[in-house]
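Next up is one chain by itself, shown in structure tokens, the form predicted on its own.
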């Protein structure tokens, strides 16, 4: 096959544009704003096959800072995986995954990924293990509402700069298990959480949350010093709330009566010897 393997090519503008076009074609995701705003991350390492200047198959390894049982470490996340239709079933993705993991060997304590439904058989064949990750929740008790919560708009450069300052200075959300990256968090600020970003100035905190019916979904709390949730919740509360879901471990929030259930739909896979058996993966750790 007349194809070329290229890695570590973010400093090559033409190759980088080819990768962006590939991600747009395969995943319908446009990285242009993340790049233009200055949050492109060199820790997001590409392994790609090129044909006539186009990316035809690619895998990315994202090395991320993590806390596992109170200890600082790094984890590797596999993402940006895909192969153009005419080049599938030739073993390209599998070979790139092997090359990426060889490159990352010794740089991390564990490997994880979140798979699309159609990719599940592929990851089983590649030796990955599916695991059940959790969702923590508690029942909501009525509290007096506090009004001083500010919606932030990533389209406003001043707000975006404020979000990035929080992201760079944030403390890990959990001492049990957390994964963090300031630039990955900015990806979520610009894409998945764009309409769900709020600042609580009195607590010097950002909260990524959304309400669905009588359920409050809290996706991240970003602060240099995580406040107790009893101080945060009055700013989020509504009289109709019955339940609060947390997409991260809540050990720093001081909540009594937290329960855990299986979080379905993530299709989470890990390599053997992953350091946590039943993690709650932070929503904003997903690349």
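Numbering follows the first chain given and starts at 1. Predicted model, so just to flag it, every value in this text is computed and none were measured.
The following text describes the form predicted in complex with a small molecule, which does not appear among the structures shown.
Q: Thinking of the small molecule in the predicted bound form, which stretch from 193-201, 123-131, 102-110, 140-148 has heavy atoms inside 4.5 Å of it?
A: Residues of 123-131 come within 4.5 Å of the partner.
Q: Can you check whether residue 83 is within 4.5 Å of the small molecule in the predicted bound form, heavy atom basis?
A: Output for residue 83 is yes: heavy atoms within 4.5 Å of the small molecule.
Q: Does the 4.5 Å heavy atom contact test between residue 213 and the small molecule in the predicted bound form come out positive?
A: Heavy-atom contact with the small molecule at 4.5 Å: absent for residue 213.
Q: According to a 4.5 angstroms non-hydrogen atom cut-off, is residue 74 in contact with the small molecule in the predicted bound form?
A: Residue 74: no, not in contact with the small molecule in the predicted bound form.
Q: Indicate whether the small molecule has at least one heavy atom within 4.5 Å of a heavy atom of residue 167 in the predicted bound form.
A: No, no contact at 4.5 Å.
Q: Check for me whether the small molecule, as it appears in the predicted bound form, comes within 4.5 angstroms of all of 88, 91 and 118 - heavy atoms only.
A: Contact check passed for all of 88, 91 and 118.
Q: Taking 4.5 Å between heavy atoms as the contact cutoff, choose which of 37, 54, 27, 243 touches the small molecule in the predicted bound form.
A: Of 37, 54, 27, 243, the residue with a heavy atom within 4.5 Å of the small molecule in the predicted bound form is 27.
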